Ligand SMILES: C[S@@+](CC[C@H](N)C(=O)[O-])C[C@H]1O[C@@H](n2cnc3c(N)ncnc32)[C@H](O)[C@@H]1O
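A single chain comes next, written as structure tokens; it is the form predicted alone.
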């Protein structure tokens, strides 16, 4: 009989028990609790959405009157009341074809494929974060919010300075569900 996969930390075990696809869902839940970002009826776009735990939570929160769209390079297994697309999130024109209207909220927990070289991985994270922010500037409605994960490192302060120049409000926070050894931080932007 093959061994059954048993998640190795409390967040992964909890996600498996509660039917979520990944432990990262608790990061979004914590951010939502702190900042009240997701409401019923919203249109939410998740960039870098695979495997889909943030989509699952967003769909629960926006309800039947809301709309949740996920975009990733990887195909995402179907989720009730969620639209998913395979596309490169750095291709803003393609994203605007998928989502021609403005959205209320953009969420992104994406991370680059890691090389193991911390500076390179952090630079790639900033590059992806810049793509998310650029997309948000194009399709986020006035008053909307963008929440994204960024890996802290040498380019982080410059990235935050750029955000502060272009956004009404910028908040930086960490979450308890992040792994202890992680250098990830969450940035919330208000348009």
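Numbering follows the first chain given and starts at 1. All values derive from a computational prediction rather than experimental measurement.
One more form of this protein exists, namely the form predicted together with the named molecule; it is left out here, but the text below deals with it.
Asker: In the model of the complex, does residue 170 have a heavy atom within 4.5 Å of the named molecule?
Answerer: It does not: once the named molecule is placed as it appears in the model of the complex, residue 170 has no heavy atom within 4.5 Å of it.
Asker: Residue 52 versus the named molecule, in the model of the complex: is there a non-hydrogen atom within 4.5 Å?
Answerer: Answer yes; at least one heavy atom of residue 52 falls within 4.5 Å of the named molecule in the model of the complex.
Asker: Consider residue 92 of the chain shown here, and say whether it contacts the named molecule in the model of the complex, taking contact as heavy atoms within 4.5 Å.
Answerer: Residue 92: no, not in contact with the named molecule in the model of the complex.
Asker: Hey, in the model of the complex, does residue 148 get a heavy atom within 4.5 angstroms of the named molecule?
Answerer: Taking the distances in the model of the complex, the answer for residue 148 is no, it never comes within 4.5 Å of the named molecule.
Asker: Only one of these stretches, 161-169, 139-147, 33-41, 65-73, has heavy atoms within 4.5 Å of the named molecule in the model of the complex; which one is it?
Answerer: The contacting stretch here is 65-73.
Asker: If you check in the model of the complex, do 22, 111 and 128 all have a non-hydrogen atom within 4.5 Å of the named molecule?
Answerer: Heavy-atom distance to the named molecule in the model of the complex: all three under 4.5 Å.
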